[in-house]
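This document contains two forms of one protein chain, each encoded as structure tokens and listed individually as structure 1 and structure 2.
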Structure 1
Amino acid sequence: MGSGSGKGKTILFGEHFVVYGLPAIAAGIASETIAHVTRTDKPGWTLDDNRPEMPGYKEKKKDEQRVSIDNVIRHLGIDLSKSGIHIEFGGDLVCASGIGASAASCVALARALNEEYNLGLDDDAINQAAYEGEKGYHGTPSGIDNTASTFGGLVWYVRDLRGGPPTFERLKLREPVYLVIASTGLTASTTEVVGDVRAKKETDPQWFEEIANEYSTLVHNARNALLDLNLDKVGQLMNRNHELLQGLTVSCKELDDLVRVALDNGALGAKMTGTGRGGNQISLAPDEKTMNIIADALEKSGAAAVWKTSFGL
């Protein structure tokens, strides 16, 4: 049997903008998806998906998942025409939009296949295979999710729009930073939401350019503020990033409500994270005590799930 894991992630700055070549900052989180692969006599592959989920997530993503698994297997050159494999997904990463669940499963699968078939792949090659898998979930992934999932830590990421390898850099902070992740419980389709932004951008390029120009300055300021551990500034920039995402039409009432609750309860900054129109929201906490207060308030306000985490080391 071959096994492998992939980490969940949260995007601190730059979802959607990253698709168009602007920098983004993502943080790996401790929760992960684990894949086990065993060989079988029957051709093809079968799957037991035992990952915990927000209700409806796995059903909604079933068809995309099938394409994604096929993509990873094909990319790795594994021939299942004579004998096959059984895949099992598990782990403690709760599948929800915005937490990198699809990328984590692609990374975990690529690592499990690497082990089972002795492919000798390094992390860059695993990341590449997972990127092919991510294409099953939406045709034009920026690659930030699989990169954060493969390498973990805090990542500065820039996609190469000409199709070359992305630029990514690990950012190390002097101290960990506390973060609360809250789920709306709604599953969004990345294909649809990214597609809507693209369509709107094509009909009104100036609309997108104005928002993207402001974001471009913002993300460089965010990088500096993070490295300086100037959390007040990081928080302000998260708030503005959320407003810019509202401008892109990818937030929704449920996400905006969670942002408001977090800010009313001591968060230095709060925003949606990931695809949007559902999925998750994140809150920056000044310390552990406030992180607990924010998490309690979000739970009481009706968030479908709340996780406390830290990033930066």
Structure 2
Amino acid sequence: MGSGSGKGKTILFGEHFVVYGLPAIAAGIASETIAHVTRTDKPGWTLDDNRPEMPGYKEKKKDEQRVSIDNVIRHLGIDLSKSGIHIEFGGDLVCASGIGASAASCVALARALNEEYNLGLDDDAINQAAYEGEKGYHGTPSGIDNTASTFGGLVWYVRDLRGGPPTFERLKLREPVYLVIASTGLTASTTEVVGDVRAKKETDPQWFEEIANEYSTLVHNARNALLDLNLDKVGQLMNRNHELLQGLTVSCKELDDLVRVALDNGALGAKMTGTGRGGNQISLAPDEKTMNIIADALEKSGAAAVWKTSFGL
């Protein structure tokens, strides 16, 4: 039996700004998906998906998952026409939007196949296989999710607006940082939200430029603060990043309420993460004890789901 794992991810800085060529910082979180692969006598593959989930997530993604698994197997050159495999997914990463669940499953599967078939792949090759798998879910993925899932730590990501490959830089922290992720239970259309921001930008270019210029300085300061483990500074920058996203009109009352609860209960910083107008909110905690306090408060406030994790290693 071959086994492998892939980390979940969260965007710490850069939602929406990354669309316009500004840097984003993503983190591979400690929560992970684990895959086990066992050979069988029957051709093809079968699956038991035992990952925890937000209600309805796995059923909604079933067809995309099938394409994704086929993509990974095909990319790795594994022939299942005569004898097949049974795949089992598990782990503590919840299947939910915005935390890299699909990428984590792709990375975990690639690693499990690598071990079972003695393919001798390094992490760069695993990352490429996972990217192919991500195409089943996202068509043309950015690559940031599978990179964070494969390598962990932090990923500094810059999109090439001329259509070339994006720039990835992998960063590691000296010690883990505690994070709470809370879900609003709401899902917005990424295409619609991104389109709204673009329309506002085209209507008032100066308005967008002022916000984008401040964000550009902010994200570089955030990178330095993270590498220095200056968490007070990171928290301040997260708070300001959330305010900038409010300015882009991509937050919502539910996200703002979760941010307020987190800050009132000891978070160093809190912000929306991902598309916005629903989805998830993240809170930076100074220590494990405070992480638990923040998580309890968010649960009591009515968050649809709350996860405690860490990032940086």
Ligand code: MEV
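Definition used throughout: the rigid core is the maximal C-alpha set that superposes within 1.5 Å between two forms. By convention here, residues take numbers in order along the sequence of structure 1, the first being 1. Here the structure is a predicted model, which means the values were calculated and not measured.
Asker: Pick the form predicted together with (R)-mevalonate out of these two and give me its number.
Answerer: Only structure 1 fits here, because that chain is the form predicted together with (R)-mevalonate.
Asker: Does Lys201 move appreciably between structure 1 and structure 2, meaning a CA displacement of 2 Å or more on the superposed rigid core?
Answerer: Stays below the 2 Å threshold, so no.
Asker: Does the C-alpha of Leu76 move 2 Å or more between structure 1 and structure 2 once the rigid core is lined up?
Answerer: Yes, the C-alpha moves 2 Å or more.
Asker: Using the core for the fit, does the CA position of Arg260 change by 2 Å or more between structure 1 and structure 2?
Answerer: Arg260: C-alpha displaced by less than 2 Å between structure 1 and structure 2.
Asker: If I align on the rigid core, how far apart are the two C-alpha positions of Ser142 between structure 1 and structure 2? Answer in Å.
Answerer: C-alpha displacement of Ser142 between structure 1 and structure 2: 5.2 Å.
Asker: For Gly100, what C-alpha shift in Å is seen between structure 1 and structure 2 once the core is overlaid?
Answerer: Displacement of the alpha carbon, after core fit: 3.6 Å.
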